[in-house]
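Before any questions on binding or motion, here is one chain by itself as structure tokens, the form predicted alone.
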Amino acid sequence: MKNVLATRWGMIIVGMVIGILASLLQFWGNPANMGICVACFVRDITGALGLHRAPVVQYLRPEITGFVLGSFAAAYLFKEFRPRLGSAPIVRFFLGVFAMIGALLFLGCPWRALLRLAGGDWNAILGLLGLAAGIWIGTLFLKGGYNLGATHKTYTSAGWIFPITMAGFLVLMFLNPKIAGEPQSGVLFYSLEGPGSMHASLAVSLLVGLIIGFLAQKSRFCTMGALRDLILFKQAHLFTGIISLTVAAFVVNLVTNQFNPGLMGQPVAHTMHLWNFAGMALAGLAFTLAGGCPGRQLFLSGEGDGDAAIFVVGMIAGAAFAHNFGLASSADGATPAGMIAFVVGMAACLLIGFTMQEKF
């Protein structure tokens, strides 16, 4: 049976659905211009588990669990669940670490960059240009023969591990619910102020995550892949999805009075343009070398891809490093430690790209 969601119009519709739901999540309680941000939400989960102690970004975001479980359900329903593993797991782990550091230097993943633009945050333009630059560098490595190795089939139970882990996070949230005025409930930490304290209801967030996970798994939606295919193959199929996401989010923002154009005073953003560009350039390069944006990595992990799961674990470690060592930016801008981390991360990603090629 033909996969309608993988067609051009299917991709456009999926992008529209994501854009609409992301903007509505903001309207229903998520932080402004952050209806969905995979990097930010993984960072919040890391804080909720106590792996970093930045008190304003601690919440076990149900959307992330929904992404994985929605993808898991779609893969099983359409017989696309394929447990698999590849090569260079330590490389994929560190690509996840550096992708997160780059994203937190900018303050958002590619999804949030699009949503920030749709909300009128012109700082996102520099981030998107940086993302394109990083992906372009990555495509040069791909043309040169860069390859982390082929995947191979593995045990079904290995493919279940990451979805079960995500489901376990949801159970933890039910067993340790947020208590008004308390920063900790059982083993979980909850922000009392800042973006971590802003969220839609658990049921709504989880439902939206499940819907997006299901649709994205079927459509193969990927922000990094959209730019990679446009640059490398001149194919605009995936690119239509990110355009429709941005347009749909913009329209909903106008209707719900969430469109506030400008550079200054944007929510969870800074105006250090060089570092907005640089952060997303590092993230874009890491995404390209790893084979997918953070959202796509979550969807792949839901369908049994152990390589993608390792990348996500690397993102969790990166979030912990970023906040425990002062690498993440804030509304005041990038930190000196974050700037040093960018140099280290870019050097490491370039080294990976140059040394892991089948031909030069």
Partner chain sequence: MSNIIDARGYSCPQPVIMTLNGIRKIKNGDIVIMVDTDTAKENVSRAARAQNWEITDIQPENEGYKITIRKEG
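From a predicted model like this one, the values you see are computed outputs, not experimental measurements. Numbering follows the first chain given and starts at 1.
Although not depicted, the form predicted in complex with its partner chain is the subject of the following passage.
| task | Using a 4.5 Å heavy atom cut-off, state whether residue 357 contacts its partner chain in the predicted complex. | result | The answer is no: residue 357 has no heavy atom within 4.5 Å of its partner chain.
| task | Find out whether any non-hydrogen atom of residue 277 is located within 4.5 angstroms of its partner chain in the predicted complex, and reply yes or no. | result | Heavy-atom contact with its partner chain at 4.5 Å: absent for residue 277.
| query | Is there a heavy atom of residue 296 no more than 4.5 Å from a heavy atom of its partner chain in the predicted complex? | reply | Heavy-atom contact with its partner chain at 4.5 Å: present for residue 296.
| Residue contact check: residue 150 to its partner chain in the predicted complex, 4.5 Å heavy atom | Answer yes; at least one heavy atom of residue 150 falls within 4.5 Å of its partner chain in the predicted complex.
| Going by heavy atoms within 4.5 Å, which of 277 to 285, 74 to 82, 195 to 203, 248 to 256 lines up against its partner chain in the predicted complex? | Stretch with heavy atoms near the partner: 74 to 82.
| query | What is the one choice in 170, 188, 142, 207 with a heavy atom within 4.5 Å of its partner chain in the predicted complex? | reply | Here the answer is residue option 142.
| message | Within 4.5 Å, heavy atoms only, which of 239, 136, 94, 146 is in contact with its partner chain in the predicted complex? | response | Contact residue from the list: 146.
| request: Residue by residue through 214 to 243, tell me which have a non-hydrogen atom within 4.5 angstroms of its partner chain in the predicted complex. | output: 220, 228, 232, 233, 235, 237, in sequence order.
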